[in-house]
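One chain is shown next in structure tokens, namely the form predicted alone.
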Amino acid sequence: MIGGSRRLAGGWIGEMKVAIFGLGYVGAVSGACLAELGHEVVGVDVSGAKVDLINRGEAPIVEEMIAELTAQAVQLGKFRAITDAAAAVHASEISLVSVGTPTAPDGTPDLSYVDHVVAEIGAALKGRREPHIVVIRSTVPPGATEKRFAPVLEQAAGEKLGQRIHLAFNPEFLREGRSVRDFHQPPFTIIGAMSDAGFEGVKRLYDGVESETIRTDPATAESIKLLSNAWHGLKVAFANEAARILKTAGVDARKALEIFAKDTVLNISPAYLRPGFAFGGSCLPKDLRAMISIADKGQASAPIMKAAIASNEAHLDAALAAVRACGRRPVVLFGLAFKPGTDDLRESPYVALAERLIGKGYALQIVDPYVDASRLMGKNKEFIEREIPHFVELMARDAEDAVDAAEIIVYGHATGVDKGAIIERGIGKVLIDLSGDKELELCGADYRGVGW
């Protein structure tokens, strides 16, 4: 029974009056599911056909469970549809914008439909006294809610946001074919709110949905939706590309990837999904090149594998550009080995950065107490002598002296003691962080992240 487990003696848990603009896939599913939670929902669409379908208790889309939910919601008087935007706003306390953002010819999303609806909502709110929350659910680029839709809403309503009218971005993660299940069991509920009241109102909307609620700024919330879909697309493409490559080697990728996915420590996990510096070492570059060579030998296309190498090189270029933007001033680089706590220099991105800085004429000192020239052996020694023949002369013995002598600090990794020297003595100097260490942001230096 719709909402049966959620009804209390005093009414519905978190009951709200909700307007949903756009009765396409997201709007239709959200409307029926919010009604199931106990909210009173009015849907708005320019299509009279969609409005008539819902008012007859019929879903405008084909989706598992949605027909039953829509019929029950309409029968109980919890879900109806109209074409009058102003009437919907006047009958609600929160408006959800779920209209389309189709791709423009240049590849950017067309936000004109969102602009139009936000302006309609603002105009309907003008001169009224009741508080109202406007929630963007359409997929939009980062920054659109605050920089584009907020001014449209303020101008149309004739007042500033944050007092009576509140604005937030709340992405949806509904997969076609199982969207009702996804609504009730989302990976998380993300609310990019511009005010406390806006956050609390959107949070209340999901009373009864069991998931972690995360408050963040609108731009970050907007980016999560795009990141998620880009990542899903990348996973599909990676699996298919791996299959093409492995087939040429006589391997069934279905078996290989089934086993591959059982590693939830590294392969299917948050591991490596943290912005930092370029990858390196004796494994990742070598094995990527091995996969590319198998593809080339078998005449299988491998654009993702090749692009990973190119993207890694682009990140190295970004770090060099960040240093060059500060002018040719003395530099100290913290970290030379490809990861902290080791002396492995093979294909270290820090070695590559040091080499480029030297090539550009920078006065460079390097701090890495784990790298001892007298103990380097074999391939490790051959690599550094080939890449930076005179690297011994660049190694600083004392981190404090190195920081004092430098005007630009490039931070890759360091011991706790050496990091302390940066925090204590780096005040006023340019600090370029390659690792994303938030502690360094507060040390009083001119902090600059390579990708943030």
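Residues carry their position along the shown sequence, with the first being 1. Computed from a predicted structure; not experimentally measured.
One more form of this protein, predicted together with a small molecule, exists but is not displayed; see below.
Visitor: Go through 269-277, 172-180, 364-372, 324-332 and give me the stretch that gets within 4.5 Å of the small molecule in the predicted bound form, heavy atoms only.
Guide: That would be 172-180.
Visitor: Of I384, L34, V26, I408, which residue is found within 4.5 angstroms of the small molecule in the predicted bound form when only non-hydrogen atoms are counted?
Guide: That would be V26.
Visitor: Pick from A157, V117, V351, L167: which residue has any heavy atom within 4.5 angstroms of the small molecule in the predicted bound form?
Guide: Comparing distances to the small molecule in the predicted bound form, the residue within 4.5 Å is V117.
Visitor: Might S92 be said to contact the small molecule in the predicted bound form, defining contact as any heavy atom within 4.5 Å?
Guide: Outside the cut-off, so no.
Visitor: Indicate whether V44 is a 4.5 Å heavy atom neighbour of the small molecule in the predicted bound form.
Guide: Looking in the predicted bound form, residue contacts with the small molecule include V44, since a heavy atom lies within 4.5 Å.
Visitor: Quick one: does Y206 come within 4.5 Å of the small molecule in the predicted bound form, counting heavy atoms only?
Guide: Taking the distances in the predicted bound form, the answer for Y206 is no, it never comes within 4.5 Å of the small molecule.
Visitor: Against the small molecule in the predicted bound form, would I190 count as a contact residue? Criterion: heavy atoms within 4.5 Å.
Guide: Outside the cut-off, so no.
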